[in-house]
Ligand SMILES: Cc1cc2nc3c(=O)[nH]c(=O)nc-3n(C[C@H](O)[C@H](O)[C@H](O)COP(=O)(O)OP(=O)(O)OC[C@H]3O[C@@H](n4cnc5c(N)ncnc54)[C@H](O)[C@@H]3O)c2cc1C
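There is one chain below, alone, in structure tokens, taken in the form predicted alone.
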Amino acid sequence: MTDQWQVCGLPSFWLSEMVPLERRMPLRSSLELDVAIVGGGYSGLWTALYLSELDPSLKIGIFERETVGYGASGRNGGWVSSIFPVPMAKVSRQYGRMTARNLAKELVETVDEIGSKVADLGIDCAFTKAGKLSLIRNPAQASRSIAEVEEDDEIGNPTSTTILDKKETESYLLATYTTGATFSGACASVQPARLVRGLATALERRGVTIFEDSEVTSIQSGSLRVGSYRVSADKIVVATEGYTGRFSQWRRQLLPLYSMMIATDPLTDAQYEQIGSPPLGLCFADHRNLRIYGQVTSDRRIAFGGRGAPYHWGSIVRKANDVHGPTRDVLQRELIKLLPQLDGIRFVRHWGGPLGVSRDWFPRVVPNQDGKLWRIGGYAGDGVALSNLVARVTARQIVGASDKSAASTVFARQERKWEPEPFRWLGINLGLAVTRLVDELEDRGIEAKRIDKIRRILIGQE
């Protein structure tokens, strides 16, 4: 079956739900701005929103190579979560228990901040705070879930993550091989493309100008080159996440790691009841290492995704990589293994795209020395909420406002570059293979802690 994106030109199910999309005009002359933002995704749009609140006089322009939400912001799983890509225990070791606790608190508050902004701005994106259910499906996952809850308790993480028994878990979702789960109420779901495009519309009402089909070809402190036009700006924000490697000076800062998704037809009444009539908007996963993630959408579809697509040599990002048949087949099998009640359901769409991963998996807010250029991102797949927190830190820095948040401390850490090729390609793809092996061993009841240590070193999580 031909993937729909090849027909409608849109790279995700979420965006195709919004057809026809109104295209904004490209840049057609040189201009001067107070703030120029490169990238029309969550990071850039949230930054523009908070800048417009802090200083309404600012003249802000956003430059998007394709259309708003074309990248990860319009393709992701729609989890507005308080997840941080690095364990809080590690944050605590490196920054202290109080900073880790405050960062966890700020992440929880970010979920509600986004809900509040969605309501205030009138964005129809099915924001639903139904929580996150992480299933426990083997002894290793059980041990990991207990350790995670204990670590959160140790630092005082306010996510209110609790361990559910089998019966409590089944009151949410009837999945196979489940002995229990962890549940966090600090998680909402959205239709992510509607969120990002709704933000863009709200920004235009505030006087922010958005240029689509406007590829930034070079970036220097104080100026951009967009085709044959020059954009001068007092401040520049680079918010390109998995596409950052297109700029040669930052090719090794953020690794573009691909994540893939599938979506089903809407569930019938019988199918919905057979999987336990889960709350609409529920986010679900399990505690395996090679992450999977699902959402019960507002129209009763299952949107389901996961990691595992190969890393491409030289951090190449291209449209041909946005679909991957072997990963699609794995996701379909894994969903049916998880919810065999849905065997035979039609999968209406497969899509994917790159997310940005820093060498140590920490997000960053990186200003240059003269304070004219900021580079932000590195969400490792947790960017729906993290982008909002990063944007608030960035906006405060740009206008010179005081910021004593834990996030501003953690996001300012020194950068590390990814290794040059071929070491990058070998390490990441070997790390993905070892991660699959660890999960397979754990499913068979075999402890794999030593192998898991190697895995974490290879992909930069150790």
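Numbers follow the displayed sequence, beginning with 1. Keep in mind that what you see is a predicted model, and the values were worked out from it rather than measured.
Separately, the form predicted in complex with the named molecule exists; it is not shown, and the next lines address it.
Engineer: Consider W374 of the chain shown here, and say whether it contacts the named molecule in the predicted complex, taking contact as heavy atoms within 4.5 Å.
Structural biologist: It does not: once the named molecule is placed as it appears in the predicted complex, W374 has no heavy atom within 4.5 Å of it.
Engineer: In the predicted complex, does S134 come within 4.5 Å of the named molecule, counting heavy atoms only?
Structural biologist: S134 lies outside the contact set for the named molecule.
Engineer: I'd like to know if L195 sits close to the named molecule in the predicted complex, meaning any non-hydrogen atom pair within 4.5 angstroms.
Structural biologist: Looking in the predicted complex, residue contacts with the named molecule do not include L195, since no heavy atom lies within 4.5 Å.
Engineer: At the 4.5 Å heavy atom threshold, is E241 in contact with the named molecule in the predicted complex?
Structural biologist: Looking in the predicted complex, residue contacts with the named molecule include E241, since a heavy atom lies within 4.5 Å.
Engineer: Quick one: find which of 432-440, 56-64, 397-405, 417-425 has residues within 4.5 Å of the named molecule in the predicted complex by heavy atom distance.
Structural biologist: So the stretch in question is 56-64.
Engineer: Is every one of E215, M261 and Y293 in contact with the named molecule in the predicted complex, taking contact as a heavy atom within 4.5 Å?
Structural biologist: Judged in the predicted complex, E215, M261 and Y293 all sit within 4.5 Å of the named molecule.
Engineer: Among P363, G353, G308, P278, which has any heavy atom within 4.5 Å of the named molecule in the predicted complex?
Structural biologist: Only one listed residue qualifies here, and that residue is G353.
Engineer: Using a 4.5 Å cut-off on heavy atoms, what residues in 122-150 are near the named molecule in the predicted complex?
Structural biologist: Heavy-atom contacts within 4.5 Å come from no residue here.
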